[in-house]
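To begin, one chain is listed below as structure tokens, in the form predicted on its own.
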């Protein structure tokens, strides 16, 4: 009881002391600890020895120029160690030397930036006070002064070798990536046309992946899903087969015909008794859409979680994909095997390949 009375009296006393304080302002507690301030400043070896400072400066700009060497080395590696068809050694050498060049470029650039900040820039402690988003004129003028002070402390304007080395390294660093764009597609070839046409054509049978066994409509039960490739794909040379499969892979699903909703009535003729075929290549960045949820009839891309609704022409219902999966028109031949009636009517794969939309 005595403790409660004491607590109540303390509360009253606290209220009376703070009654003059405007509502919403912070109140300093009477038992708060004092600000200890900054610890004693320790001079760095570069602050005490001018020769050490010069050595540190030299190390920084040498690292920047080493970064440039790494960027140029990656470009030359791309040119002088090209990937040859069927030669796995050329793939290893190309990957190794380009990777070493880019690693040297990025690593030297990062180490130089850290060493510059640790050993060369001005070393002192400071406090930044919080202010409203838009400061007054005095605050804005002070901000300009801070930029000038930062320039002075970092030596960005004074130390021309370091500054020029940094600028040159930053300019050189993206150059290997620009050179590598050359490998995305052969010269004088439109990537849109490369992705617009696949191996599928009228009358070509749908076969199981990877065996190449033809599929009959009777092989599919309600809710079943098949990974499908074009007939004859498995007989192609390995490289040609992989390139063709990367564009022509299809997922075949059978639903109840009444579950399918056709926004475009003409698409209904592209299916057969509830069997529909859609490109397996995600329209986001080209990952394989291979996860089928039987109860919801949703297809899921495991890379970035785009989801497509099979019942509504594989439209996007979630995720970053920009358009539905292209549908492959199918029917059955005289022997009951599922066949394509044409190629895809739109480019497969990532949407950035399609220029018409």
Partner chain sequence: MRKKNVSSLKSGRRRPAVSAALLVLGLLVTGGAYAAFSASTASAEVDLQSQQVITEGQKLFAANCATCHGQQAQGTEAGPSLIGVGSAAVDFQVGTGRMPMQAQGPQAPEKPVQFTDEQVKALAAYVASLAPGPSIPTADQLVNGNVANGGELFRINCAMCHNVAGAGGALTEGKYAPELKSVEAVHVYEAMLTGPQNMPVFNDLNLTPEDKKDIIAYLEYNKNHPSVGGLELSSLGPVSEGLFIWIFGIGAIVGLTIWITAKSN
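Rigid core: the largest C-alpha set superposing within 1.5 Å between the two forms. Positions refer to the first chain, counted from 1. The structure presented is a predicted model; accordingly, all values stated were derived computationally and were not measured.
As for the form predicted together with the partner chain, it is not shown, yet the points below apply to it.
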Exercise for review: Decide whether residue 45 counts as a contact residue for the partner chain in the predicted bound form under a heavy atom distance cut-off of 4.5 Å.
Suggested key: yes
Practice item. Look up in the predicted bound form whether residue 65 has a non-hydrogen atom within 4.5 angstroms of the partner chain, and give yes or no. Key: no
Review point. Can any non-hydrogen atom of residue 271 be found within 4.5 angstroms of the partner chain in the predicted bound form?
Key: no
Practice item. Would you please decide whether residue 291 lies within 4.5 angstroms of the partner chain in the predicted bound form, comparing each non-hydrogen atom pair? Key: yes
Check your understanding: in the predicted bound form, which of 167 to 175, 206 to 214, 71 to 79, 148 to 156 comes within 4.5 Å of the partner chain (heavy atoms)?
Key -> 206 to 214
Review point. Which listed residue (331, 327, 307, 311) meets the criterion of a heavy atom within 4.5 Å of the partner chain in the predicted bound form?
Key: 307
Revision key, fill the gap. Answer key, the partner chain contact in the predicted bound form at 4.5 Å (heavy atoms) among 220, 246, 98, 285: the residue is 220
Review point. Does every residue of 84, 102 and 122 put a non-hydrogen atom within 4.5 angstroms of the partner chain in the predicted bound form?
Key: no
Check your understanding: Counting only heavy atoms, which residues in 224 to 245 are within 4.5 Å of the partner chain in the predicted bound form?
Key -> 224, 225, 226, 227
Check your understanding: C-alpha of residue 244: shift of 2 angstroms or more between this form and the one not shown, rigid core aligned?
Key -> no
Exercise for review: Examine residue 94 after superposing the rigid core and state whether its CA is displaced by 2 Å or more between this form and the one not shown.
Suggested key: yes
Practice item. Examine residue 111 after superposing the rigid core and state whether its CA is displaced by 2 Å or more between this form and the one not shown. Key: yes
